[in-house]
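Included below are structure tokens for two forms of one protein chain, each presented in isolation as structure 1 and structure 2.
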Structure 1
């Protein structure tokens, strides 16, 4: 239903020379301001430097809504356009929700994209921490949003199994193995001190025998490297599986080197005239494509910078036929984005081929106090421990409740509360309450069918719930366009608030208004239950019928 309205708004925008303009179509905060509102005219006015209200009047003059879709429109505030839906649109929307069920909110893309979504990609040097968990929830939810809007998604994990950090892992594990065997050894400078390496060392001695600790250093380091990577990767995979995150492809940095793709990338850049030598080093001409300075590829000592394998990896993604390569990175990589984008544009890739979503730090609070963390010393909150304490649902919801690029305070005590203060409990309770209505009615929700009679829904809470439900597809579409899953948590919380208000102020089973109202409210309850379930499922969160 909102699809038809958005399509007409897009047609008018194109008529104003703004084809492809991204505008908002959403439920206004005040129910008296219509059923939907858009900022289209304000965006057009900003572009043309004209009066927004005058532009809104011009836009309304161009709109050709069928009276069976929209009953009226008006200019509001600084230039919003408020839209009132025709009654048959509301009844038709409920019919669509009931008919489509679990697929309600899914849309088909006009041009389906093949999307590679790479996320987590943690170094195999230790357990996953809460920051990795936030990246996992964000990446998985963005992937789901792309899928819900008609695109094909490959979830990918890039194993950073080459480079200095893995050398430090090998040396640290080798030292711990010797220590556990009673031999003298020190963790190298910059190495890893976490208790998990002591556990890994005991596992190695148990499986390989005590003689392992007396191997020559070069062999011990080599084997510790392979064993350390394997043990850390197995643990990371278990933690991600427990968190409900799956990957379609596991790529390896070392494999990129072994396949010759790094040297291929350097050669390709040279063939395009994008490299030059100066001061004994090989440079990349990224300033020609928007970077603030040219970047070194090969240092004067012959070693490669970390930019080179990353370029090779993204060339590989393009060669695999992806239309979009979306990476979820830690916020500390912010400055790295323009140089990577500059390289890919220089190679002739589409400007929108490469995209990055940043994940800010997570501050874990326990009883109001911040839990201090240091990965190097081994003092940090692991994803495994957090999930064990608060559960998958709370962890996912809290990680997704704010935009990824915003800092997040994760209140452990709040996440464990079984009260309305806990936002995930609040949303899930709305679903459980709706399920309880059908237990009271002794009816299977899926067996409640028929046409909705608006005349049988006299309470303002009935209308508010109905009008909130129909905006779910638009909420999904916007969250997908902007790659912002937190918009779904915002929608779910708003819907839950409306559901709780409806539950307390109206009665479905045994409605005092009569059997027609009971029938209509059961249809409304089934539709609301479906939308809540779809939104939670999209985010990877369960939908309990009892709490």
Structure 2
């Protein structure tokens, strides 16, 4: 809706010799400041060191808006240009919601990108915990935001099935198997002590036979490794599926080794002159590309550092033709970003090819007390338990209610509450109430059609709702641009507030203002229900019709 206005402002800006100037066109907080406002004139005045209000007047003099688009403009405050839309703009915007339905809010990107979004990527050494859940919710929502703005997304999970961690898993499981069979064995240093491995051990003995525990250590370890990875992977996949997260591609570190891509990566870096030998090790010159020290690729004992398969993996993503590789990482890995970026820049990839979204820790609170997590001892809050307790909708909403970089307090009691204190219920309730209107009217909401008659919507709550609805596509676009899904939860909460106020103060079915108003309010209710549903669906949250 604002495209035509932006285009005209850009034309005038170009006339002032400010082609491509990045000005803001936004909906002011204060309704008295118009439907839209721009700081264009203030930016021009700054450039020319002239009076911003005079510049605003000159800009307005150059603007040629159709009266069917803009009804009025004014200079305001320090030099803002406030713009009032023609009424039929709002009618048209609502018509667009009704027409586009489930796809309202989707926009086509100027240049459609092929995006790889890697998230969760947990070691296959134990159950997913709440931190993984936050990463899963965030990654999935960012992926959806890219899709909603016209890009193609591959959701990808990287399985670290080749490193030291899975060696420890194998040794730990092997020890548990022996223990379950009544033999003497200890969990090794740095191993996994969780109860889940005892259970896995019993499963192995049940399926493979009790003789399994008496295999020679090398064979027992080898087979424990494969079985352990498989069992952990299956459990993780089940937890993710229960959480509503689906991956397009599961990549395996081992497979990258097996395909020779790791050695290939070292060779490639060598060819580019990016490596050197020193102190018996092979080093990578990451300092030339923004890292604060060079990094070892091959240790003096001949083994590779974990950096190498990660490099190979990111080269692989590039080779698969992605324009963007976005990784969702735990915040404790942030020190790792400069070296990975340095490598990819060194290889000549575009600077914005690689991006990282950091996820801060989740603190789980129960009755005001922190539930402590310790992976080493195996006592931690699993995603599975959390979802069982509070449900997928609440878990997703809570994980997405804050930007990823902020630490999150997850109040289990609040998430379970079925009252308006709980934001997810508050938002879903708005949707359910709108659905209730159509039950009362005995109408299928999608069958309510016709042109919206603004004159039949006299209540201030009517116009507030109208104006809130049409900002949804911009909210989506911005959330996508910033990779910040929390902007959608903020929008949804605001919209829900407006819906509840509208619902309370006005009546659709049997509207006292008459049948024209009833017709218009049913259309408005349908549009509001659509937008709420689209926002919730984007975040992977259900849209109940009754609660």
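So that the term is clear: the rigid core is the largest set of C-alpha atoms that superpose within 1.5 Å between two forms. What you see is a predicted model; the values in this text were computed from it and never measured. Positions refer to the first chain, counted from 1.
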| Structure identified as the form predicted together with the RNA | 2
| task | Give a yes or no answer as to whether residue 540 and residue 292 travel as part of the same rigid body between structure 1 and structure 2. | result | yes
| task | Look at the chain as two rigid parts and give the angle between structure 1 and structure 2 through which the smaller one rotates, in °. | result | 15
| task | For residue 72, tell me the Cα shift between structure 1 and structure 2 once the rigid core is superposed, in Å to one decimal. | result | 3.8
